[in-house]
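In the form predicted alone, a lone chain appears below as structure tokens.
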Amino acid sequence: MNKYNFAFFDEQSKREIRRALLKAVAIPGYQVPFASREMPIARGWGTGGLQVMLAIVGKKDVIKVIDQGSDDSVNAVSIRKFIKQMTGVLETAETSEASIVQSRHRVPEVPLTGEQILILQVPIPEPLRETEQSELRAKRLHAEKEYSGVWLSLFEQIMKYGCTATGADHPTMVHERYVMSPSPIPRYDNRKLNDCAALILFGAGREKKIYALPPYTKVESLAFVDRPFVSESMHGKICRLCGAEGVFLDESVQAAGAGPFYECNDTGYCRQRQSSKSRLDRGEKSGD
């Protein structure tokens, strides 16, 4: 750690990224280009989110890093270890204890507060990429608020499958102005972006783009009037480990002849509930 500047980057690099972040916060949903730096991890493995984290983290911050809901995946552990080595900051698995949460493909189950910052890693920030390959033309379409290509793509999915087939990264309208990629979070998490108390920052290292959602920003998932947006249904499903309902669950298959079982995708949330349940059980037994 002593061989590097605090948080790995030199101060000029941090200032350049922070300037891009300030512009992104001032124009919700707008993609701000930035000079993406070379990192000690490969592009596509979270370099955008990591650069945003290193530009804003302070010595008093407490960080949490998750990958698709897990605190223990290789990606999450490696990034968390690197940040801690370069900064010496405290780390936690509890969402409520973290001042900065960096996530890949999930928004934590615990509601975020105005004292927290959520950083989402983004592989493809351009929601028009599927219908418009040219970066120049895509920027022009954004400027003109011309999103018929996105609507056409959703319409084609409905005609082919009977419903929109965006398993993740369902496009959103921000502040009734810009169509934005929410990153490949499940549709279930799109609602958490709307009117969120926390500042949400998006970093795409390979694509060299940064964008943001300031606190309490209006975010709507694109949908037709006669085909409303529908997220994944968790109705009737319960986590077998902590008993949670109404959260995003992963389905696993049991032995032959037995039905599927479900577990919380957010491992930190699940462990917190298990710990609380265990303390409650011990308290009840001691009371008896």
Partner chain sequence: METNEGAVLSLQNFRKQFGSGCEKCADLDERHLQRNYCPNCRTTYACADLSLDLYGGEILGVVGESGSGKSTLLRCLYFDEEASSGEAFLQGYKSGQVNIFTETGQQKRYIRNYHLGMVYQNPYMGLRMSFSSIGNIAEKLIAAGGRSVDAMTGRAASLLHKVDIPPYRFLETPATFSGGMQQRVQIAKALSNNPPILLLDEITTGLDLSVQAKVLDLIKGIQRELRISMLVVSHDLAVIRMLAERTIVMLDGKIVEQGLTDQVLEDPQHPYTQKLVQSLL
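Residue numbers count along the first chain shown, from 1. Bear in mind the structure is a predicted one, so any value in this text is a computation, not a measurement.
Separately, the form predicted in complex with the partner chain exists; it is not shown, and the next lines address it.
- Using a 4.5 angstroms threshold between heavy atoms, R227 counts as touching the partner chain in the model of the complex.
- Among residues of the shown chain, S78 is not one whose heavy atoms approach the partner chain to within 4.5 Å in the model of the complex.
- L90 falls outside the set of residues with a heavy atom inside 4.5 Å of the partner chain in the model of the complex.
- Within 4.5 Å of some heavy atom of the partner chain in the model of the complex lies at least one heavy atom of T131.
- Contact with the partner chain in the model of the complex, defined as any heavy atom within 4.5 Å, is confined among 104-112, 204-212, 180-188, 157-165 to 157-165.
- Contact with the partner chain in the model of the complex, judged by any heavy atom within 4.5 Å, is made by just one of D195, E144, E176, D72: E144.
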